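Consider the single chain below, provided in structure tokens and representing the form predicted alone.
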Amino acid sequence: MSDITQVIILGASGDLTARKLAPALFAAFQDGLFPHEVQLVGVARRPWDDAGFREQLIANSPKAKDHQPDKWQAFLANTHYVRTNLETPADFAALAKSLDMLCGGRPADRVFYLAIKPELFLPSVQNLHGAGLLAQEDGRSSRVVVEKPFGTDLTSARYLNGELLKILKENQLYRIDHYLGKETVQNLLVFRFRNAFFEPLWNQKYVELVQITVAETVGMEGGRGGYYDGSGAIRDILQNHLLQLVALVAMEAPSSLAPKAIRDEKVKVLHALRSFADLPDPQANLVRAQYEGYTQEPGVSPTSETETYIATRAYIDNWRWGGVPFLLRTGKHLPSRFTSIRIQFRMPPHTLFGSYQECHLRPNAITLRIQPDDGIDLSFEVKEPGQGLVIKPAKMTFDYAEQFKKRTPDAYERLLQDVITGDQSLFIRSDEVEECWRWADSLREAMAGAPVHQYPKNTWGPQAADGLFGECEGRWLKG
């Protein structure tokens, strides 16, 4: 390993660098988490120099600069800028010379973070390769981080994978999904496989259904309508974030914590997701909708049928989960922002409390709260004190902030540290991407011709989505 790592952000003039990437690197720097020197190098077309780039970070990263001013200044002193046109191969040769100068001729490990438009992923990697910046020699590493979306469907994802892997090895390519850096998501493996009283119940014999929600309060702010109208909720959230949560919830125990072992088990789950083409009535298992006024948003077609809300009833065809529905939902302009996973358990085989004719909503559930308030809730029923047999719901709650009383690292902090140290456990492999697209494409094909429901802003979506639950299976969580 070299004694210096350069983190080079292509597209550094964008919002992601100042809002997420630079603060994440600074947080690791101030906590002393880097094993050696780390330089941040911004790359973009803007006519800035080092001072101009630092001014942009100061202006747009207020939380970072105000936290520890002295360390912030020390961090900025090792932050640089190289003006580069990403579509001009000759500029990459100049970039290579600049990077060599910045590390003083020392052999440096390099991380290239592609914070750029998806259509520039491949040409940028080709230009990096042409300038000799992706070579791995003399013990030096060279890694490339790719933001989502990785392709727009299975065909494009396969093409992009194929072309990138002509240049890069799989262990050089880091497909990032920031959801995998969240503490509760990472804690899923510990929660399931370290605690003996949960894992024996984590199967079709005891679990009735699983529901996973990614709810957002935002809409098309910031001129996002033009991009979103060509994407929709399936490509934006379901194909990546939601399916990653499905894989972690449903996977078998890996043989070890090695990245390959973990990712092998995730791929098995995604491969077992039943295609919508194999359902007797595909459209009965999905509901798509738009919030009212979506087609009047700037950049959105007046005749658009792009979904801002999608809910599905999915199945995993394997021994552990056969017959258990996974209800997945995401939407824009919902009343509150949260992400949660709810494992709902079956009723006991014989009912002592109440008649068999009653529709008993399932009292036993585990809810993993991923954001904004990370934690775990265990729901059950108890007898109310006093005469008679009055049963009331109760809950035991574990809260990360209350338990540990320390700052929870941002997802990008963990993921960028993993890239620098070469740990791919929380990144997505080629076959994983393709299995996600295989299932998402089958959903999109099944959705063609399905009604586009409407729902008012700041409501929980169309009532039709409640119909995805069986008679006594409950309803969608509301935070």
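Numbers follow the displayed sequence, beginning with 1. Owing to the predicted nature of the structure, the values given are computational and were not obtained by experimental measurement.
The discussion below concerns the form predicted together with ligand BG6, not included here.
Only one segment in the set 315-323, 102-110, 220-228, 251-259 has residues whose heavy atoms sit within 4.5 Å of ligand BG6 in the predicted complex; it is 220-228.
Ligand BG6 is not shown here, but in the predicted complex it comes within 4.5 Å of a heavy atom of Ile237. By the criterion of a heavy atom within 4.5 Å, Arg175 is excluded from the residues contacting ligand BG6 in the predicted complex. Looking at Gln371, you'd find a heavy atom of it within 4.5 angstroms of ligand BG6 in the predicted complex. Shown alone here, Arg288 lies farther than 4.5 Å from ligand BG6 in the predicted complex, counting heavy atoms only. Each of Tyr179, Lys332 and Arg337 comes within 4.5 Å of ligand BG6 in the predicted complex, counting any heavy atom.
Only one of Arg342, Lys148, Arg263, His80 lies close to ligand BG6 in the predicted complex, with a heavy atom inside 4.5 Å, and it is Lys148. Residue Glu216 is the only one of Glu297, Glu216, Glu208, Asp91 with a heavy atom lying within 4.5 Å of ligand BG6 in the predicted complex.
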